[in-house]
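Next comes just one chain, in structure tokens: the form predicted on its own.
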């Protein structure tokens, strides 16, 4: 009698992954707002990473004779109260924002995805994990991040950890929901019936097919992380001077808003533009992965 090894059964889309990616890319390119968001994000990230090359002046260079100068050909975004070039400060501030966004989202994914997988796959773990998640979600994200930053003390690492921990509950909830949905699929049921171990089922069948949703969740979490870093730095609980930060720039611009409004305008525009671009790209990516969503 021939024994069929169902543990090797894969998801139907596993063999057509390149074709699926091409379809997703075509749908994404047909969305002009998503393309615009992606372009803005790429420009911002590139400028942030190459700030030491692109910036016309060192961010710490002061020139008291040029203090509070409006935008000009020499200083595109004007200067602050110490004569520092605001364009250079915005570029270096974007670098901090991008760094915090990447690291905090990575931290939330590294801790939240395993918890969500376990809670969705093992029924006995679902109640305690769900109750803990619901408790943390009762606190607004920024309130939770501010509280953690106040406990840990102000620093770049503190801002990253506080924002990352504040985003874990939402990642757990999304991952748990996807795991519950995928666990009922025929190919997962066949793999379990064929004797595949829990590790194999989670690693080969559930996690790869949940990646689309997790990628979209990361694009949603990144703008919140950027705003969170700006808020923490503005309140003195995040990045500390003289490290450039868009939040610090907004805080230092308060006393000089009447004489130098550009000190607040350009950092604010940078935050709004980057977060809006990420949201547009995330929405387009969600619709590309789920074309039925875009036809509603």
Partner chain sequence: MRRYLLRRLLESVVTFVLVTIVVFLGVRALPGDPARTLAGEESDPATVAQIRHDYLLDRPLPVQYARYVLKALTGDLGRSARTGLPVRSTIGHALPVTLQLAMFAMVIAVLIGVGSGVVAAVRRRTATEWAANSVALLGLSVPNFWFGLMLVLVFAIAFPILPASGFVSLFDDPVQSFRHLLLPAIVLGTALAAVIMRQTRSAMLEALSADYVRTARAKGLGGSRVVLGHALRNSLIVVVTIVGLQLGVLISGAVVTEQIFVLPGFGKLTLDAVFTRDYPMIQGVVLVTTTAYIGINLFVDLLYSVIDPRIRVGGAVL
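These numbers were taken from a predicted model, which means no experiment stands behind them. Numbering follows the first chain given and starts at 1. If you superpose the two forms and keep the largest set of C-alpha atoms that fall within 1.5 Å, you have the rigid core.
Only in words, not in the display: the form predicted in complex with its partner chain, which the text now covers.
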Contact residue in the predicted complex, from 103, 111, 214, 150 (heavy atom within 4.5 Å of its partner chain):
150
TL;DR on 76-84, 114-122, 137-145, 161-169: the one with heavy atoms within 4.5 Å of its partner chain in the predicted complex is 137-145
Residue 234 versus its partner chain, in the predicted complex: is there a non-hydrogen atom within 4.5 Å?
yes
Using a 4.5 Å heavy atom cut-off, state whether residue 50 contacts its partner chain in the predicted complex.
no
Wondering, does residue 46 line up within 4.5 Å of its partner chain in the predicted complex on heavy atoms?
no
Taking its partner chain as it sits in the predicted complex, is residue 38 near enough to touch it, meaning that at least one heavy atom pair lies within 4.5 angstroms?
no
May I ask whether 264, 272 and 276 each come within 4.5 Å of its partner chain in the predicted complex, counting any non-hydrogen atom?
yes
Quick check: residue 134 between this form and the one not shown - does its CA shift reach 2 Å or more after fitting the rigid core?
yes
